[in-house]
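This document opens with one chain alone, in C-alpha cells, the form predicted on its own.
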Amino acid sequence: MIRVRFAPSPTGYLHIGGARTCLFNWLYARNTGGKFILRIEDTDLERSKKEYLDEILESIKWLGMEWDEIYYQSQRFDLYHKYAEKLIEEGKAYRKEGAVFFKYDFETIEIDDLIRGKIVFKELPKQEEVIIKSDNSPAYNFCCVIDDALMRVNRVLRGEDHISNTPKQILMYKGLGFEVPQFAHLPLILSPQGGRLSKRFGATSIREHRQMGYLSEAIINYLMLLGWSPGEDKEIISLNEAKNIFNIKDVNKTGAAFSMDKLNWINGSYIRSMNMEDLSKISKDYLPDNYLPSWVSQDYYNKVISIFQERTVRLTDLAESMKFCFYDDFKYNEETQKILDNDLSDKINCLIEELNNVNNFIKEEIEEKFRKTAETLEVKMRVLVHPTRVALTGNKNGPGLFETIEILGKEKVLSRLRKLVEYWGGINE
C-alpha cells in the first residue's frame, strides 16, 4: 500500500507552497488507494505555536482534504533518543560538547526520482551531521528518517528545495537499517518575476487568501495547476475529479509562476457557478459587522447578490460594490463627475416622469420606457443611461442597469434621480 505524508511545522501559517505539497500527497494517496499521513514537525518547542497548529489543521480541512493518521513529533522524543543511542553503540554516531553527531559513511548515491528521473549525488558538504542538538532536541533530518521508517512511509513527495537533504537522509536510513523510500521532488512555486514566492510578492498563506475572499475550491483547483495538468486544456477541476486521474509522473519538473490573475479568474468561475442559496450564505461572512441595515430582507439580499454574481472575483469585493443597494449616502467622485459635466436636468426630469408611470416595475418594462424616452428626446440611449447609472450607484460601471433599477425599486430610483437634478441645480446657481 502506498503511504505518503505531509509534514508541516507549526512555526507559521500554512504556506501556499506547503498546501500544494499537501495536495499532491493527498491526490497520490487517494488515486492509489493508499494512506495520507499528517505529521506535525513541532520539535522546535520555542517557535511552535498552538495558533499556527490550529490554523494549519483548519486550512487543510477547509481545502477539502482529510488525513488518515496524524502524529506529533513533540510526543516522540524518546524514540529519537533511543535510535541515537543505538547509533552510538554501533559506532555510527558520537557525543561531542553536549550534542550527538552522525558519521557519514559516504558513497555515491543514486535515486530514481518519480518526477525527475535519475539523480546522482557524488559528494556531501560535510562528513558529520548533528542528530541530537545540545539542548537535547532532535534535528530535522534525523527525526524525518525515523518517522518515515516507523510510519511505513514508502513514497516521499516534497519540494525540490529538499533535494540536498536526500543523500543525508538515505545514509541515515542505511545506518539505522531502515528501508529507503522512493522520492519525488516537486517543482517550487515561483513569484511572477520568477524568484521564490515570498511575502514581498504579497499574500502567501492559505489563511490570507481565505480572508481575501477566495473560495477553497478555487484555491485547491489553482494549486493543482501549479505543476500538474488534468489534460485536454481543462482548467476547472474538482478534488473529486482530480483524484481519479492524478499521476505523480505527470507532474512538471520546472517551477510554476503564481499568477493572481489566474487565481482571480478561477475564483470568479466558481462564484459564478454557485447556487444562490450558498452564495448568499457565504457572502455574508465577508461583510463588515452591522453592514446590512435592519430593513434588508433575505429576499432583497438574494436579488442584490444575483446581479453581482457574474461580476464578482473575490467575496471581499462585494461589500463595497453593492453598498449602493443598501445606502443612499454615496457621493459622486471625480471619475463620475466627468459624466455629469453636462446639465441634463430637463432630460432626466422627463425620464423621472416616464418611469413614474411604469406600473409593472420590471427590467423589461423599464428598458422599454428608457428607449421610448430616448426616442422622444431624440437622443441616444447612452445619454440617459450613463448619468442614470451614476445617480443610482455612484459609479460609472456596474451590473446591468435595468436589473439594478428593478431591484432598487421605483421609490428609491426616482428619489436618486431627483437628487441628481438637484445636484445640477446647485452647480448652476
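Residue positions are given as counts along the sequence shown, with the first one as 1. Nothing here was measured: the structure is a model prediction, and the numbers come from that model.
One more form of this protein, predicted together with a small molecule, exists but is not displayed; see below.
Chemist: In the model of the complex, which of the listed residues (140, 308, 121, 286) lies with a heavy atom within 4.5 Å of the small molecule?
Modeler: Only one listed residue qualifies here, and that residue is 140.
Chemist: State the residue from 155, 158, 209, 168 whose non-hydrogen atoms include one within 4.5 Å of the small molecule in the model of the complex.
Modeler: Filtering the options by heavy-atom distance leaves 158.
Chemist: Heavy atoms, 4.5 Å, the small molecule in the model of the complex: which of 290-298, 100-108, 140-148, 79-87 makes the cut? Say which one.
Modeler: This holds for exactly one stretch, 140-148.
Chemist: Check residue 347 for me: does it contact the small molecule in the model of the complex (non-hydrogen atoms, 4.5 angstroms)?
Modeler: Looking in the model of the complex, residue contacts with the small molecule do not include residue 347, since no heavy atom lies within 4.5 Å.
Chemist: Even though the small molecule is not shown here, does residue 9 get within 4.5 Å of it in the model of the complex, heavy atoms only?
Modeler: Residue 9 belongs to the contact set for the small molecule.
Chemist: Is the gap between residue 262 and the small molecule in the model of the complex 4.5 Å or less for some heavy atom pair?
Modeler: Output for residue 262 is no: heavy atoms all beyond 4.5 Å of the small molecule.
Chemist: Although the partner isn't part of this model, could you tell me whether residue 162 comes within 4.5 Å of the small molecule in the model of the complex, counting any heavy atom of the residue?
Modeler: Residue-level check for residue 162: yes, a contact with the small molecule.
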